[in-house]
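Single chain ahead, by itself, as C-alpha cells, in the form predicted alone.
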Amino acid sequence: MNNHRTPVVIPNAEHPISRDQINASALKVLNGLKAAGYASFLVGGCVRDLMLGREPKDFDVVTDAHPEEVRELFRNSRLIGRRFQLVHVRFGREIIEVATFRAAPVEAGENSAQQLSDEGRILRDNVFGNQEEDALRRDFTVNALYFDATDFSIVDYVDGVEDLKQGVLRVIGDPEQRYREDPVRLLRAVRFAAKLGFRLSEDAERPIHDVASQLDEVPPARRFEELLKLFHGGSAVETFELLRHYRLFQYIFPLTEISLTREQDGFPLALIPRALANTDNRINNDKPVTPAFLLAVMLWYPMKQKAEQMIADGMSWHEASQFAGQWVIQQQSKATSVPRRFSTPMREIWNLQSRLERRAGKRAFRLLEHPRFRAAYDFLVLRADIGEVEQELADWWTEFQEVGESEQRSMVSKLSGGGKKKGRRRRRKADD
C-alpha cells in the first residue's frame, strides 16, 4: 500500500525566515553537503523558532549522507552515539549536529539496526530512510519542518506550519505508540507546550496517564538530562505547573511530589514556583544558573521532613540533616541521577541555612567568604519571602553585603548589644 505524502512547499518569499538569520557555521555545513551532492536541510526546533520569530538556541542539520560520509566530508567532525548515531561538526566552541534521514519505526521491520523493548520502547535506531520517512518519525508536527538549503523553501509533510499558526502541539502518528517508543516524549510534550505557550491536542493528551509509568523505565541519567531541559529553558514555572497537571512530576521528583501532596504549612508549594520564577528571570537575562540550586530547592522539604523524624528520635539537627541529606540523594538517584558535582554544593547550600542564623563574632565574616555563600543567601531570601524564616534575617544579610567593613563590625556588635566588651567583662569576673 502506498502511503506516500506530497509535502507542502512554502517558497522563500512566503515565509519569514531569511538566510541572514541562519548561523554562519550551520550555513557552512549546509553548503558543504550541498556542494558534495547531498541533500541538506535545517530541521526541527531551529526552523520552528525562526518561523515563530524567535532566536534558535541550536541549529540542527539533516541529510541523506550517512554518518561516515559526513565524517569524511568535514575534517572537524566526529561520530557520536550508539542508540542514535550522529555527527558533530565543530567550529571552535560551536557544534553543529548533523543527522541522517531516519526511517519510521513501523517501517523498519526486523532490521538489526533497530531494537525495540517488549513495551515498544526504541533501544537503538540507526535505520536510515528518506526525507518523508524522517518527517513521519519525528515527535511533533511543529518539529518536523525542513528549511531547504537549495532554494530556501520550507518543506512540510505533516501540516506543522498550520499547527504553528494555531498554537497546537500535535504528535505525529499514534500518540500512545509514539510515547511508548520513547517515554521521554511525554516530558518533551510538556516542555514544548510550556516554552511555546501552546496547548496539547486532545489526541496528544489522552494517553498520557496510561503511558506515564513507562518513565520509570528511562535510565536515571537520561531523566536528569531532561530535568535540566525542563527547568533551565526559561519557562520553568509553566513547566512545573504542566508536569503536575499531567501527573508527571512524580517521575522526576518523587519525594518532592509527596511533600507537595502532604503539605500542611504551604511552604513547599510557595517556595518552588518562586524559586523557578527567579531561575526563569536569570536565564532570560543571560545570567548563569546551576543545577545545584534547583536540586536544593526541589529537595529541601523532603530533607527537612526526614531530618525532623530523626530529631524526634533524639538526633541533633546537625547530625540529622547530614543523614537526611544523604538519604534524600540516594532516593532521588533512583529517579534521576544526582552527579556529585551538583549534590555536594546542594548540601552546602542546605547546611549554610542554619549557619546563616548564627552571625555573632567572626562567624558572619567567615560565612561571607564561603564559596557557596551567595547561593545560600539567595536560598535564604526565598525562604524569607514565603515566611519560613524571619524577614529580618534576610534583610540583615542583604545590608551586611552592601556596607563597608566598619559598618559590618558595628552590625555584628549590635547583635549582642556591643557584645565584645560585655563579653570581656564577664570573662574577667569568671577569672576572679
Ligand code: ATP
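All residue numbers refer to positions in the sequence shown, first residue = 1. If you're wondering where the values come from, they're calculated on a predicted model, not measured in any experiment.
The same protein has a further form, the form predicted in complex with the named molecule, not shown here; the description that follows concerns it.
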Original post:
Is there a heavy atom of Arg48 lying 4.5 Å or less from a heavy atom of the named molecule in the predicted bound form?
Top reply: yes
Original post:
Does the named molecule come within 4.5 Å of any heavy atom of Asn143 in the predicted bound form?
Top reply: yes
**OP:** May I ask you to check whether Arg138 falls inside a 4.5 Å heavy atom distance of the named molecule in the predicted bound form?
**Re:** yes
Subject >> Non-hydrogen atom contact Asp58 with the named molecule in the predicted bound form at 4.5 angstroms >> reply: yes
Original post:
Among Phe253, Tyr157, Phe192, Phe101, which has at least one heavy atom within 4.5 Å of the named molecule in the predicted bound form?
Top reply: Phe192
Subject >> One residue of Arg355, Arg282, Arg274, Lys229 in contact with the named molecule, assessed in the predicted bound form (non-hydrogen atom, 4.5 angstroms) >> reply: Lys229
Subject >> Candidate stretches 295-303, 332-340, 159-167, 178-186, one within 4.5 Å of the named molecule in the predicted bound form by heavy atom >> reply: 178-186
